[in-house]
Every structure is written in C-alpha cells, then in structure tokens.
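Here you get one chain, nothing else, as structure tokens; it is the form predicted on its own.
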Amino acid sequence: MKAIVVREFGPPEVMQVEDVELVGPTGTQVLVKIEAAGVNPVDTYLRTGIHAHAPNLPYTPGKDAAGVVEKVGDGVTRVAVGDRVYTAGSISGTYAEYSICDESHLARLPDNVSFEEGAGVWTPYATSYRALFQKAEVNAGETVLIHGASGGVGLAAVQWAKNAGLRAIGTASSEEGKQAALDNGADAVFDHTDEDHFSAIHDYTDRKGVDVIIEMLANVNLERDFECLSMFGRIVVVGNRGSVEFTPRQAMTKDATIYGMSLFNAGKEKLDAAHKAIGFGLSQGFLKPPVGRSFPLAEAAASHHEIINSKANGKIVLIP
C-alpha cells in the first residue's frame, strides 16, 4: 500500500510516499481502509521532533481519518467489517491507504456525515469539547471568545458553543474566514490583525468582558487577552508556537484562571465522554465538520505548509 513515511524530523518535505507492507490486524486491532485523513496543526509539530510526544522514527503521520472497516482481529467486539468509522488514534498512522487501529480508537461515523467530514471529527471536536466543557466548564448564557475561529478547532468550538447556549465571539484574519465563523453560528467576528480588536471585543460586551477565551495562539495573544477578559474569567490555552512575555498581575487583578490542555493527556473517562457527545452532535446535525481543502496523499507536504501558513478556513484533508 501507499503511505507517507517520515524518516527524519524536519520540514514538511521529509514526508515522502513509500510502498509499505500491508499487515493484517490481530487481537483487538482493526484494519481500516482510509477514505480521507485529517491534517492537524499537531501533526506539523510532531513532524519537527520538538513536540513532547514526538514519535519514534520512522513513522507514518496522522491520527484522524475516516473510512471503512476492512478486517478485524479475533478479539474485536465493537466494530465489524463494512462499518463506516472515524478514527481517534492509530497504531500505524492515517496518512496512508490503510491503517491499523485498536478498536478503542474507532467510533461509528453516522450515515449523514461524509468521509471527508469524518476526517475532521476527532481532534477538532474533541479538543474544543475538552476546552469548553471539561476545562472551562462553560455555562449557558456565558460569552466565549474563540481565537482563530475559522480553523478546524475554532469552527468546532463555535458549533459546540452555540448548541450549549453560549454567546460566541470569534476572530479571524480574512473576510472568507470571518464569514465561515458567522455561517457556523458565531454572533460576531473580529479581525485579529487589527491592533485594536481586543478593545473592540470589550466594547461589544458592554465592557463586561468575555467569560471564557479559547486561546489558539498563546504566544501572540495571551498577554493581551486580559484586555477583554471579564472578572473571574477563564482562559484555556489550546495552541502555542513560541514563548511569551507575561505579566502575572493581570491574572491576579481579574482573579482569572488559565488552563493548559492537551488532548494527549485526557483519560479514558474524558475521551469516552467526548466520543459520546460527538456522536450525538453528528447524528443530530448540530455538529457539521467543515472541509476547507483536500490534497492527494502525495501532496502531504503541501498540506502541512497550508495549515501553518494559510488563513485557515475549515479542515484540511488528505485523500489516499
């Protein structure tokens, strides 16, 4: 089978298509025929080798995908051959024509969700679910600011927030991105390239501030987030690409709480809760994974450049 293989850490070009032996599943393993694989920012961090969970070389990237169960091991009880599934992990990687997963990595993909949409389910929706409900513990009626609301995690957070009865404010840097956030339910969207957008957000809330901030780029925004955070507000750091100069007195003055989170750290109980909520949301239709752009498997390097350098607008996926 064809698969992307990384033999050294480095830039996107270290990802190359190779012919890889197709092995069968054993025990609780499942062989999934990949119809679409999701590309996430965390994939780019892992590829550089500097991430805390950097894999051993060589490896095939990817944890998110959607496809059809091809074969099952003799210990599998949760899925059957022919089932449509999305993946929340992979033993062999998902940037490939087939992937070996443990059955615990898989969940049923409702018939109303396409494979390309399914490839954008797990990391965006589980991350935003964990940030909003398991970390910030949001309550209906609160106001949440979602930085980078036009990306995969951002749009997922907007959809969760609106279904939970929150007022959702987003930021984006392009007209297309701002419209995408509005189309997915955001009440207002501000241009985060505007130096004064924090003040504008504060004014929009009648100077009460936002109750929760979902922070996708802490090294850029964290110091200034307090300009529009309410008293006793909560900030959940979901993404970061560098160091930041930070004045702790800002957190003291507003009696604020700053949470760090990584989906890698969530325990089984939290992950099971996320799967259950995602399955319900997909089947009910209030969760609708937006697909931004699709690339063929051979253009995996281009997809990594795109997700880091572009003004994100929905999920980027690879088609084997």
Ligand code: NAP
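All values derive from a computational prediction rather than experimental measurement. Start at 1 with the first residue shown and count on from there.
The form predicted in complex with this ligand exists for this protein as well; it is not shown, and the discussion that follows is about that form.
The closest heavy atom approach of residue 149 to this ligand in the model of the complex falls within 4.5 Å.
By the criterion of a heavy atom within 4.5 Å, residue 61 is excluded from the residues contacting this ligand in the model of the complex.
For residue 170, no non-hydrogen atom is located within 4.5 Å of this ligand in the model of the complex, even though that partner is not displayed. Although the partner is absent here, residue 174 is a contact residue: one of its heavy atoms lies within 4.5 angstroms of this ligand in the model of the complex. For the options 262, 26, 257, 253, the one in contact with this ligand in the model of the complex, meaning a heavy atom within 4.5 Å, is 262. With the partner omitted here, the residue from 143, 90, 184, 123 that has a non-hydrogen atom within 4.5 angstroms of this ligand in the model of the complex is 123. Between 132 to 140, 113 to 121, 82 to 90, 149 to 157, the stretch whose residues reach within 4.5 angstroms of this ligand in the model of the complex through a non-hydrogen atom is 149 to 157. Every member of the trio 127, 241 and 307 reaches this ligand in the model of the complex with some non-hydrogen atom inside 4.5 Å.
Scanning 189 to 226 for heavy atoms within 4.5 Å of this ligand in the model of the complex gives 192, 215, 216, 217, 220, 221 in sequence order.
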